[in-house]
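Just one chain follows, in the form predicted alone, and it is written as structure tokens.
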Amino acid sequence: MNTDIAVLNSCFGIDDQVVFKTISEHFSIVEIDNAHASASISLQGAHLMSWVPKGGEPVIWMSQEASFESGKPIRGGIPVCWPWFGDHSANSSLPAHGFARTALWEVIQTEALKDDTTLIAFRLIQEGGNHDGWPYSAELEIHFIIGDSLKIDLVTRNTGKSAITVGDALHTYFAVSDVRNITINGLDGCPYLDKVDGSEQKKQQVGDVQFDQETDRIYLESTEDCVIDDPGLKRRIRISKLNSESTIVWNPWIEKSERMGDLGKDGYLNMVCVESANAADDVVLIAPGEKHHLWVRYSVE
């Protein structure tokens, strides 16, 4: 895996569109700027940190207190949760949400597409036994298409000789004007696990999701588009997805955000996580030689 910035720019850089940079010791990013949008992605975690459509406001939220240190999760952006979501099913001492978000990924492709969007793809190769709690062989790729919409395809390939079970999520932090004044629609009638209330199963009644306290819910049987309606920014963010039957909605609110320490002062007011996932009982069984795509598209209306 080559992480030399000069080599990356020589092999994968695109003039006036894709450039690789080092922002701190052992921490490198790629910046994309095209006719439609700008974006930045960390090589650690293949973690998208920003996406800004031209002439618009940032769509993805990053904490002002985010740490850019090797092996530490980044607060904000789009962490990749894989190969499990939340705590490990058998060993809670293992990293929450798996190891993909803190691993170093390799760049495998960049391309300026005909519609003036930009493709960039990364790969994380996991040989059997490399990680505690994951004694399997698999390849994980993530493909981004940066334009006036943001498309992401998270692809798991089972390269081993036995079936594997995977939980995954795109843990996306969306930027909002004030979480107390936004609504999320598209979850009417869905059952959900209320993690703030001991994971008790409840049901979303008819109407939008609103926020006036800590919210941490795994919505099940959720396949329809979700829309964040933000009157303060006069925009709606549409979240479309495929091959995901669960949606996580999260905001830590006041007390938890203070305990977390890296969300920034009142940071909870300007973010909401709407995560396309396969979580809880909605996990994916992948046969040997087969693959699974978790695909999302984010757009601003």
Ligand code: BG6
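Not measured: the values here are computed from a predicted model. Start at 1 and count along the sequence shown; that's the residue number.
From this point on, the text means the form predicted in complex with ligand BG6, which you will not see here.
S.K.: Considering non-hydrogen atoms and a 4.5 Å limit, which listed residue (Ile32, Val272, Ile248, Ile237) is close to ligand BG6 in the predicted bound form?
M.R.: Of the candidates Ile32, Val272, Ile248, Ile237, Ile248 is the one lying within 4.5 Å of ligand BG6 in the predicted bound form.
S.K.: Exactly one of Tyr173, Trp82, Tyr219, Phe144 has a non-hydrogen atom within 4.5 Å of ligand BG6 in the predicted bound form; which residue is it?
M.R.: Filtering the options by heavy-atom distance leaves Tyr173.
S.K.: Is ligand BG6 in the predicted bound form close enough to Arg123, Arg157 and Arg297 that every residue in that trio has a heavy atom within 4.5 angstroms of it?
M.R.: No: no residue has a heavy atom within 4.5 Å of the partner.
S.K.: Does at least one non-hydrogen atom of Lys151 fall within 4.5 angstroms of ligand BG6 in the predicted bound form?
M.R.: No, Lys151 stays farther than 4.5 Å from ligand BG6 in the predicted bound form.
S.K.: Determine whether any heavy atom of Lys54 comes within 4.5 Å of a heavy atom of ligand BG6 in the predicted bound form, and answer yes or no.
M.R.: Lys54 lies outside the contact set for ligand BG6.
S.K.: Taking any heavy atom pair closer than or equal to 4.5 Å as contact, tell me whether Lys195 reaches ligand BG6 in the predicted bound form.
M.R.: Judged by the heavy-atom cut-off of 4.5 Å, Lys195 is in contact with ligand BG6 in the predicted bound form.
S.K.: Taking any heavy atom pair closer than or equal to 4.5 Å as contact, tell me whether Lys256 reaches ligand BG6 in the predicted bound form.
M.R.: It does: once ligand BG6 is placed as it appears in the predicted bound form, Lys256 has a heavy atom within 4.5 Å of it.
S.K.: So which of 102 to 110, 200 to 208, 165 to 173, 221 to 229 is the stretch with heavy atoms within 4.5 Å of ligand BG6 in the predicted bound form?
M.R.: Partner-contacting stretch among the options: 165 to 173.
S.K.: Output the sequence-ordered list of residues from 94 to 113 with at least one heavy atom within 4.5 Å of ligand BG6 in the predicted bound form.
M.R.: Heavy-atom contacts to ligand BG6 in the predicted bound form: Ala96, His97, Arg101.
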